[in-house]
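A single chain comes next, written as structure tokens; it is the form predicted on its own.
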Amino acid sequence: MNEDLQSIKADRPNIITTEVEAISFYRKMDTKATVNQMIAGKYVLVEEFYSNGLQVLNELKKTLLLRHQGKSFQGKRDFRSAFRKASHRLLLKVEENKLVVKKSPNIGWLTELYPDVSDFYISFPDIQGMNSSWQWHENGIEIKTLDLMLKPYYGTYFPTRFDHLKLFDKWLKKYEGSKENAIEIGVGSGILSFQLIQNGFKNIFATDTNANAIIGVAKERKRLGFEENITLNHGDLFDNCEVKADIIVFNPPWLPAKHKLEEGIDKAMYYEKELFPRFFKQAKKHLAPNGKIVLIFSNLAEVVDKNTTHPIIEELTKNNRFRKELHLRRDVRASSRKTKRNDSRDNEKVELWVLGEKGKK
């Protein structure tokens, strides 16, 4: 088992630690001219105020939208690619792990993620992402099924809607089997493991390919007093796992990937074609007698594209490994009462599947 957490390095935004040739941007400068320089490949350094960077990004967006006016999928993709490339040439200077420009947000990740360097340059969009993440971390997220506040780590997926957690909580409260050992694949921010512990499970082997998820859950289990209950592993699926589990819990990505996946949150959102076949093949080897596989999923992919194959149904119909014991569904509510949804998510339902080995009851 892999509990050498000291060797795990956080996934963090790239920085520039050497002096860089850049155009200094002040509020009264020609924003359009500056944006054209960025598009042409020049670095721009935000001076004076943090809001000056927002001014440049707004102008960059308007300029690129005019150049990529097509409403086609390719047109939108080209715009996003061009914006990402150019916007990351907009830099902020960091000294002693703090932003230099005035009226900047205070972002603790600049110290947490860069303990080895204090002075550097970083892109404005990366700072925006870090600032948003830091606010979620500091304010916390109320998880009603746990009756606690969660503090998500940078670069780790966390839910903003909780219907699937309520579905899992409902099932857990009725579960009457052994609670000695559980495995959670893709621990993310740790919520499902914490739910397992609060419902009487003693030992949980939790794994994730995202290094930041492992680092974050390690911090959270200490803060919440769950250190003795959770063993963490940085790896793919059941790597380094020697446990035979009473239940294996997996809240996989809900959408099939149509692009090359990057580590981190990307792999928490989208799944590659071989993910489910690999999971089911390996899961069979790690079930204790009468063990259960519990999958939390959604019909979102099918709602978006009716030709999408449901990977759990495909496993049950094509292979002879497992049988369906239970299938629960629940409507998905908007993440906020103020949210007005008129898209395909109106028809989305979250699902809970309980599978047992064929021939065993």
Ligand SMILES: C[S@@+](CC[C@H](N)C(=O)[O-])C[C@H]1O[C@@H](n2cnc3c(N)ncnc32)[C@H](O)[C@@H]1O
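Note that residue numbering begins at 1 and tracks the sequence as displayed. This one's a predicted model, so the numbers in the text were calculated from it and none came from an experiment.
Unshown form predicted in complex with the named molecule; subsequent notes refer to it.
For the candidate spot formed by Met38, Ser51 and Leu90, no residue has a non-hydrogen atom within 4.5 angstroms of the named molecule in the predicted bound form. Residue heavy atoms within 4.5 Å of the named molecule in the predicted bound form occur in exactly one stretch of 131-139, 172-180, 186-194, 101-109, and that stretch is 186-194. Interface residue among Leu275, Ile122, Leu224, Ala283, judged by heavy atoms within 4.5 Å of the named molecule in the predicted bound form: Leu275. Of the candidates Phe201, Phe162, Tyr114, Tyr157, Tyr157 is the one whose heavy atoms come within 4.5 Å of the named molecule in the predicted bound form; the others do not. At a distance threshold of 4.5 angstroms between non-hydrogen atoms, Asp236 is in contact with the named molecule in the predicted bound form. Using a 4.5 Å cutoff between non-hydrogen atoms, Thr207 counts as a contact of the named molecule in the predicted bound form.
By the criterion of a heavy atom within 4.5 Å, Phe250 is counted among the residues contacting the named molecule in the predicted bound form.
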